[in-house]
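Coming up is one lone chain in structure tokens, specifically the form predicted alone.
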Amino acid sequence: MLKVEGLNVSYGDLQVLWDVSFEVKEGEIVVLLGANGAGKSTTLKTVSSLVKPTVGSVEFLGVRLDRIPSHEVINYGLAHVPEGRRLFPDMTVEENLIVGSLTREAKSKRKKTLEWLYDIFPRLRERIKQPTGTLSGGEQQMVAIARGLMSLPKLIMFDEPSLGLAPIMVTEIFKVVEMVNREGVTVLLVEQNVHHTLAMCDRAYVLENGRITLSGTGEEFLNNDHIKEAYLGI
């Protein structure tokens, strides 16, 4: 479904990705692991065409995303929920969600999609007219995820969805990610909560200093000595 090949990415004179290659198959949950500064967010930004590679390609369902403007990526069925949520704090919950449904198909199904998301996130239904900036961190993350889903994506990318949340909210967010996947949406996930992530994913890649150094199934990673020592503290 998604094929990334030989990505080299630089910010000015600073190169941050070297020959990064990976793939995501339809229906999977695939995880990118790595320490802060390893290049995970840059990888997602390159997939969604916010950052252009100096070398390499990003192909999604046969379309070269690296060759199109970032604002057109959503039309091909790929959504990106960025780190830090990036919501419009003065707009209501529902207004933020509507912003996510600007493609032709999403507009035509907006009412049905909103009802589906309010069933997934009952708290958001209670706060439809509330300014998003007044919500708790966990509730804002729900809005960010729901906004991404409003475009009816075939693949959705999450960048640190549990960052800064209380443990009970972290559990809830992971349940939502799994639920979305069961509904037929493929998931590419960057997440620091390694143990929980590996327990639910199909496959994972390790990104270290801008390079993919390891790949395997979630189960293989949970039993890998390097992963245990570096990421699980075992």
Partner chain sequence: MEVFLQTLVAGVLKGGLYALIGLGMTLIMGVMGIINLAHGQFMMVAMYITYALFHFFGLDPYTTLIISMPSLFLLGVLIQKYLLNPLMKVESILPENQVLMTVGIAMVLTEIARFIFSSNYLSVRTSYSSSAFYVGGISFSVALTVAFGFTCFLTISLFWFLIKTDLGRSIRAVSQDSEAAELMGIDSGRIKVITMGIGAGLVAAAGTLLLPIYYLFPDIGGPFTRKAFIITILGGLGSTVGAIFGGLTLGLAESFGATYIGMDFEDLVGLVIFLLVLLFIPGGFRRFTKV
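Nothing here was measured: the structure is a model prediction, and the numbers come from that model. Residue numbers count along the first chain shown, from 1.
Below: the form predicted in complex with the partner chain, not depicted.
Visitor: So, residue 74 and the partner chain: in the predicted complex, are they within 4.5 Å at any heavy atom pair?
Guide: Answer yes; at least one heavy atom of residue 74 falls within 4.5 Å of the partner chain in the predicted complex.
Visitor: Could you confirm whether residue 203 comes within 4.5 Å of the partner chain in the predicted complex, counting heavy atoms only?
Guide: Residue-level check for residue 203: no, no contact with the partner chain.
Visitor: Is residue 50 close to the partner chain in the predicted complex, meaning a heavy atom pair under 4.5 Å apart or at it?
Guide: Answer yes; at least one heavy atom of residue 50 falls within 4.5 Å of the partner chain in the predicted complex.
Visitor: Quick check on residue 112: any heavy atom within 4.5 Å of the partner chain in the predicted complex?
Guide: Close contact is absent here: in the predicted complex, residue 112 is far from the partner chain, nothing within 4.5 Å, heavy atoms only.
Visitor: Any chance 45, 80 and 91 all have a heavy atom within 4.5 Å of the partner chain in the predicted complex?
Guide: Every residue of the candidate spot has a heavy atom within 4.5 Å of the partner chain in the predicted complex.
Visitor: Hey, which residues along 91-111 are within 4.5 angstroms of the partner chain in the predicted complex, non-hydrogen atoms only?
Guide: The stretch touches the partner through 91, 95, 98, 99, 100, 102, 107, 110.
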